[in-house]
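The form predicted on its own is given below as one chain in structure tokens.
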Amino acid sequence: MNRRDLLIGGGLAALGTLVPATARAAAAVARPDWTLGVTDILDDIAPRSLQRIHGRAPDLAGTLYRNGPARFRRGDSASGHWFDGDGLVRAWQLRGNEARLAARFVDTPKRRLEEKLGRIVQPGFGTLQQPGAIVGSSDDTNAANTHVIKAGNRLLALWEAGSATALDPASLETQGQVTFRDDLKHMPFLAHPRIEPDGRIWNIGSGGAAVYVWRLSKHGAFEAGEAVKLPMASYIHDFTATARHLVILCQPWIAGAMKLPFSKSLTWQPELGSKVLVLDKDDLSKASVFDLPPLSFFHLGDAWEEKDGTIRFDGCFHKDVTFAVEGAPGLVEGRYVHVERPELNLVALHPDGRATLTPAGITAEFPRSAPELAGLPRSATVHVGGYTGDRPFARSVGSWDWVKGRHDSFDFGARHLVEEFVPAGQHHLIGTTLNLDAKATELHLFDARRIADGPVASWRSDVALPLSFHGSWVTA
């Protein structure tokens, strides 16, 4: 498995095609109010102060950087999938009781071309290539819209099938796509790197039957890389890691011959079950494989290893891929496809070769834990949830304690769309919601030890931003 195979398998070949909805067709149907979460932002958001609407903040200073799609439509054209909108990086800056917001689109080749043409033409995860498209590499279609981390003196806006894009942390100005080494240009670099407590960054680039394992310094400089064969050619959006091992969960959504749309090149084969590949960080040739029942997933929590060698990690697991294939495309069109919700589970990989699943008994997404504990033993998982049957998107934030079997959560109510919350230090959680009544995005800070008590402080912006995917808290 060489560089070219990985690039084709995980980059250009991952440019799926679904016939896009048009803006005219979407406008012909009355759009429910939750579609404010997939609205279009036409311009950057200039820096502005937020209105404090509740509580008083502790002495906490830093910035919550978040990334997500924010432009889905141009003219009478539209993206064919929620995952394909242009990436907008938001900076929610907090200093005590004062909060500010600024946001800028990532200046990608895709966005520049479509701005010039006034229509959506580039293919993506689920969008059909249109006349006028220019596709020389996967990075020509890179939306840079999934996650944002800080590495050294720059931010990295991430997308799963191509390069990271560097931004200035203060101005959010795009500095360009990152080539970690000349011969690795345009290689897939997943949107979910695993960062050790000392700052070292591990990531993988998915390429069908293999992955490329990246190791970067805490400053984001290339240290090492190696291609590793997978147990099966699985679609991979996320992986996890302990202090000593990389853990790659392969779901039975299998890549075969390339077809259009991209979903047609993947087949759900539950009879294969799922496989977990465990790699030694110091020697990637040392590998073991565990078997799990068939499951589908997007997001995993951090893993840890116990004294007897048992590896544990949590994940939010679907029963199948209905959401990815039908639910997410429907969001851009204003359609809510009723699909089963992901459920929080704890996976245990035992030294005797067995793998077991322990369900928490709750639906949940976006599992997070304190960065200081990455790869180390922990008991709790931060997540969002509270899903109901009448709309997409979460309405609550919570923490599940695996030792006590206890759920500590806060429900924002039916008029809020809740985004991912992340730890801000070991004692606070910070995140955003879209208030449908106020038509404004709000910033909320919680005491992580008493989530059910509600936010200790909340601020409201004067704009309604579409829902973002992932982000990072960076202490000032």
Partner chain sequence: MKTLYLAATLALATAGNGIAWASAPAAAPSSQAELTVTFEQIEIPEGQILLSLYDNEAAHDANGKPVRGAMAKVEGQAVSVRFEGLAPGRYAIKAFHDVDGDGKMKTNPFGMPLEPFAFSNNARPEGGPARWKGASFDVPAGASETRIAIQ
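This one's a predicted model, so the numbers in the text were calculated from it and none came from an experiment. Residue numbers count along the first chain shown, from 1.
As for the form predicted in complex with the partner chain, it is not shown, yet the points below apply to it.
Engineer: Find the only residue in 294, 75, 96, 256 having a heavy atom within 4.5 Å of the partner chain in the model of the complex.
Structural biologist: Flagged contact: 256.
Engineer: Can you pick out, from 205, 329, 315, 385, the residue that has a heavy atom within 4.5 Å of the partner chain in the model of the complex?
Structural biologist: Contact residue from the list: 205.
Engineer: So if I measure heavy atom distances to the partner chain in the model of the complex, which of the stretches 137 to 145, 304 to 312, 97 to 105, 365 to 373 falls within 4.5 Å?
Structural biologist: Going through the listed ranges, the match is 137 to 145.
Engineer: Is there any non-hydrogen atom of residue 186 lying within 4.5 Å of the partner chain in the model of the complex?
Structural biologist: Yes, contact at 4.5 Å.
Engineer: Taking 4.5 angstroms as the cut-off for heavy atoms, does residue 211 touch the partner chain in the model of the complex?
Structural biologist: Looking in the model of the complex, residue contacts with the partner chain include residue 211, since a heavy atom lies within 4.5 Å.
Engineer: Counting only non-hydrogen atoms and a 4.5 angstroms cut-off, does residue 129 reach the partner chain in the model of the complex?
Structural biologist: Contact with the partner chain, yes.
Engineer: Taking the shortest heavy atom distance, is residue 124 within 4.5 Å of the partner chain in the model of the complex?
Structural biologist: So residue 124 counts as contacting the partner chain.
Engineer: Select from 147 to 162 the residues with a non-hydrogen atom within 4.5 Å of the partner chain in the model of the complex and write them out in sequence order.
Structural biologist: Contacting residue: only 161.
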